[in-house]
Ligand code: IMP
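First comes one chain, alone, set out as structure tokens in the form predicted on its own.
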């Protein structure tokens, strides 16, 4: 029987990527709205931890309690050398915008990096996923990362977030230029998800939540 797992994100971009990454796997990944978990004001305070793992754990615990489903959540972001690792866990709220957030964040990133030498523009994407089989269960974390450099202007129309500015060392193009399969093979989220599902394959979810 296919196992139903809640992936605790409301991001349309992340949902699209998880659907692509999960294609062909023996799990049914659903998202909060699919499970009838409509957005509540307290969700705004879930990402107040100082680490990606802390944020992911807070989200996993919150949604596992609300859904009663085995739950995985993630937090991810961009770390730039010249900015001392910023925006990091503040990646989503880097520019403080509430509308057209991706454009605002990319504009702020370019402003802060104006005049920075190429070596100082090195960056990496990081992602941490946290799995909780049921509310109260011990969490387990999985991490992925990928290296690149921040360009001086956006290139490409795919992806989301900082993808038009992130030139991947491994793909040789921005994540916004890359085909989905190219990006998933090396991306921070793809690598964390691959680790998670490989571990899950050897640790079957309990019969009570099938």
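Numbering follows the first chain given and starts at 1. Since the structure is predicted, the reported quantities are computational estimates derived from the model, not experimental observations.
Only in words, not in the display: the form predicted in complex with the named molecule, which the text now covers.
Peer 1: Is every one of 76, 92 and 163 in contact with the named molecule in the predicted complex, taking contact as a heavy atom within 4.5 Å?
Peer 2: All three within 4.5 Å in the predicted complex.
Peer 1: If you check in the predicted complex, is residue 188 within 4.5 Å of the named molecule, heavy atoms only?
Peer 2: Answer yes; at least one heavy atom of residue 188 falls within 4.5 Å of the named molecule in the predicted complex.
Peer 1: Is there a non-hydrogen atom of residue 59 within 4.5 angstroms of a non-hydrogen atom of the named molecule in the predicted complex?
Peer 2: Residue 59: contacts the named molecule in the predicted complex.
Peer 1: Determine whether any heavy atom of residue 53 comes within 4.5 Å of a heavy atom of the named molecule in the predicted complex, and answer yes or no.
Peer 2: No, residue 53 is distant from the partner.
Peer 1: Can residue 125 be called a contact residue for the named molecule in the predicted complex at 4.5 Å between heavy atoms?
Peer 2: Yes.
Peer 1: Heavy atoms within 4.5 Å of the named molecule in the predicted complex: which of the stretches 23-31, 37-45, 154-162, 61-69 has them?
Peer 2: Selected range: 154-162.
Peer 1: For the stretch 126-142, I need every residue with any heavy atom inside 4.5 Å of the named molecule in the predicted complex, listed N to C.
Peer 2: Heavy-atom contacts within 4.5 Å come from no residue here.
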